[in-house]
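Next comes just one chain, in structure tokens: the form predicted alone.
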């Protein structure tokens, strides 16, 4: 799993690439914590995520809680269909603003 960041229109975009599972989740969680601002706008781009286990969903939940604890606003984009279905079935999807593209996510956060 690799993470890369980009700043676009005051939005920190954190893109995840690879498999987010029980093996990679602890490292990803740690890296996101280091990249996540206490204040501001954050878009998690999951379009490069090839697989996400329940450990990956837990990472998303912890990121959500981190945003709620500070004053950061968080949105997701590129959520794989199977992950979206699981998140919707559990009510987990309602926690997030979900955008269809990075551009839409940036717009949703900056409006």
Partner chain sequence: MTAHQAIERIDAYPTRRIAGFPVRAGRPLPFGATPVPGGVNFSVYSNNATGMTLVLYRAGEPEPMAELPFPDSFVIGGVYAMTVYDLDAEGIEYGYRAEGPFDPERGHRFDPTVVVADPYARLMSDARTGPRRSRVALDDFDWEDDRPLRLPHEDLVVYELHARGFTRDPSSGVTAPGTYAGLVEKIPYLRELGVNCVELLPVFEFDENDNPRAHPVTGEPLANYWGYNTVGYFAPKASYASTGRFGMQADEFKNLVKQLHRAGIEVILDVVFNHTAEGNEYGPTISFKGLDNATYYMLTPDGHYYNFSGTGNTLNCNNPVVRGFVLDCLRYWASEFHIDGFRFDLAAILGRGPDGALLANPPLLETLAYDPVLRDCKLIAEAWDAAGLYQVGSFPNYCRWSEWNGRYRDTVRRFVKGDTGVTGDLATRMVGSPDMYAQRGTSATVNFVLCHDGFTLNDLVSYNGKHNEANGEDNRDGDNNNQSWNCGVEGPTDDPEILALRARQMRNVFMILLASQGVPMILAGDEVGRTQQGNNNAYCHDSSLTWFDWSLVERNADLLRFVRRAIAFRQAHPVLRRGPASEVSWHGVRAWTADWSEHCRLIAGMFGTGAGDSVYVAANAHWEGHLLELPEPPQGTAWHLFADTAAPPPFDAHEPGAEPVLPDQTHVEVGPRAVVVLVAHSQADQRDNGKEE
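Bear in mind that the values here come from a model prediction, so they are computed numbers and not experimental data. Residue numbers count along the first chain shown, from 1.
Keep in mind that the form predicted in complex with its partner chain is missing from the display, and what follows is about it.
- 4.5 angstroms heavy atom contact with its partner chain in the predicted bound form for residue 39: No, residue 39 sits far enough from its partner chain in the predicted bound form that none of its heavy atoms falls within 4.5 Å.
- Tell me, yes or no, whether residue 35 is in contact with its partner chain in the predicted bound form, where a contact means a heavy atom of each within 4.5 Å. Contact check for residue 35: no, nothing within 4.5 Å of its partner chain in the predicted bound form.
- If you check in the predicted bound form, is residue 58 within 4.5 Å of its partner chain, heavy atoms only? Flag for residue 58 set to yes.
- Query: Quick one: is residue 95 in contact with its partner chain in the predicted bound form, heavy atoms, 4.5 Å cut-off?
  - Reply: So residue 95 counts as contacting its partner chain.
- Task: Answer yes or no: in the predicted bound form, does its partner chain come within 4.5 Å of a heavy atom in every one of 52, 62 and 90?
- Result: Yes, all three are in contact.
- Query: Taking its partner chain in the predicted bound form, which residues along 1-32 bring a heavy atom to within 4.5 Å of it?
  - Reply: Going through 1-32 in order - heavy atoms within 4.5 Å of its partner chain in the predicted bound form - the hits are 22, 29.
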